[in-house]
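In the block that follows, a single chain appears as structure tokens, in the form predicted on its own.
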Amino acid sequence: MQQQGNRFFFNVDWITVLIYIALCAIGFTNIYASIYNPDKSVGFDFASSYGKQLIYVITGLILGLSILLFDGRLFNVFAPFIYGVTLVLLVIVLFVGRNVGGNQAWIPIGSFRLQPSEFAKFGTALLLARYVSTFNPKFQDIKSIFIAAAIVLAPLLLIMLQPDTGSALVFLAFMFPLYREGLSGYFLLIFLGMIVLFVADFLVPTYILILILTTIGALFIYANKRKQKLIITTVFVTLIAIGYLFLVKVAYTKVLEPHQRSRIELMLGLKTDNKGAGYNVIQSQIAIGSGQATGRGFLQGTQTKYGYVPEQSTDFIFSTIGEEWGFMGCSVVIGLYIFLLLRLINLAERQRSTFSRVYGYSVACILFFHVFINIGMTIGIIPVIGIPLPLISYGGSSLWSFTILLFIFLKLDSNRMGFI
């Protein structure tokens, strides 16, 4: 089906666009509040964080509307090229990247810093959607699972080399779109089991966990002693689980940075460090709690005004919302995210093409992971792993990448009656 000339705008889901604009506006307002200093009140400053963020928002909106002018089929055609470019950028950053906070994740371009890991998300989403739609594997054989996993693991491993564990973990979100397209639920159970074993490995002695796993495996074998395949599978899974326990210990000591290990130990209650690694979270919790029901008011937050919360305009921007706008403000922000996620899932389900549906689910799952992890770490239920709150945290790379991610799907959705 051909484009309907200048009528294509009528097919765009403008409700999603309005949510996007609302979140960007909330982000700008709270970034301004997070760096506001009443003793140095001056006019609008484009060199400040809020001034730069306004530029990012305006250019992001222009970028998003420009994407709506493209033919949606081009994103399918150029998916391998876009994916390849993002991989090249992830390699380049390992050699010329600027180290910030222990992560070599930014390529300096004048006064701007480009973060390739943010753009790798939509590149991966496009290629994964293309693979699933082209071959329609339904994931009934090892080959299709392996190829899909390779598409996701390539950028994930490159990001881990930076090392940027937080951004790398977001790529696990792609498991859920694959599940929607036929990936066995056993893989989700394995994923959940890995998380449980990871946590248990810190709280329970390893030899006790090995005894528990061996006992469960033995009982299962006894209950299915006449089923040879199940017995072999049970032995294999038990051995893998035991090996995973030792792998966790190795990864914890050899792969994770000291500050990352400290954050995990703090979350699990294995140690306290109110003046060191735990300082950010404690100050963030104080800020959010002090907002109570309706907040202290715009520019009235003491934790925010006097800079008690580090990284408050980026990773901990939600603490500004909690302090100055209170429970009601937090509820509005979370409500907007929930509405956006439900909207994206609804749009994804109505797609006629597999490519658009897989891509739509990828967008929704990436957003969910970012929102859940970011808000979770600001209130202390998830280790601080340093990922932004979508469209609200300060940063050009983050805002532009989420803009591209979202508006590509809006374009695909506007063409759903003719795009295959």
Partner chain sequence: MEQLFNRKYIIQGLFLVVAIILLAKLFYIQIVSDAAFVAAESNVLKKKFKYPARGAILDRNMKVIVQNEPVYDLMVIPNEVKSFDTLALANALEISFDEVRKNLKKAKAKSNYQSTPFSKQISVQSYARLQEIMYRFPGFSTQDRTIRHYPDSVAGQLFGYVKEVSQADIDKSEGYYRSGDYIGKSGLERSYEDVLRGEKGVVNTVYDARNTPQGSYANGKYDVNAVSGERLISGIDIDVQKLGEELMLNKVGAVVAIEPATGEIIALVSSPGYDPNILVGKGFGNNYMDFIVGNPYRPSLVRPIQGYYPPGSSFKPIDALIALQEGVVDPNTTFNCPGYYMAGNHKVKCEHVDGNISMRRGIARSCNTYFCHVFQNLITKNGMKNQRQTYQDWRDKVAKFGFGTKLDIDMPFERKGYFYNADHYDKIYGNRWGYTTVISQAIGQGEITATPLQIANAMAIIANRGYYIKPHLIKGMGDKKLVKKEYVTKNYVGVDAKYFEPVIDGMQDAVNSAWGTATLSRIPDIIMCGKTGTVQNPHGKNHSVFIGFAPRDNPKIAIAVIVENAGYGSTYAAPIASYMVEKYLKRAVTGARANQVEWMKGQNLLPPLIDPNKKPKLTKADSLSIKKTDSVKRVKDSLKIKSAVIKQSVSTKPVANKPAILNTKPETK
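Quantities reported herein were computed from a predicted structural model and do not represent experimental measurements. Numbering follows the first chain given and starts at 1.
From this point on, the text means the form predicted in complex with its partner chain, which you will not see here.
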| query | finding |
| --- | --- |
| Contact segment among 322-330, 149-157, 198-206, 219-227, judged by heavy atoms lying within 4.5 Å of its partner chain in the predicted complex | 322-330 |
| Whether Y306, N346 and G376 all lie within 4.5 angstroms of its partner chain in the predicted complex by heavy atom | yes |
| In the predicted complex, R180 touching its partner chain (heavy atom, 4.5 Å) | yes |
| 4.5 Å heavy atom contact, F176 to its partner chain in the predicted complex | yes |
| Heavy atom of C365 within 4.5 Å of its partner chain in the predicted complex | yes |
| Its partner chain contact at A251 in the predicted complex, heavy atom, 4.5 Å | no |
| Option touching its partner chain, based on a heavy atom within 4.5 Å in the predicted complex, out of Q285, T214, T233, S133 | Q285 |
| Partner-contacting position among L189, I338, V88, V255 - heavy atom within 4.5 Å of its partner chain in the predicted complex | I338 |
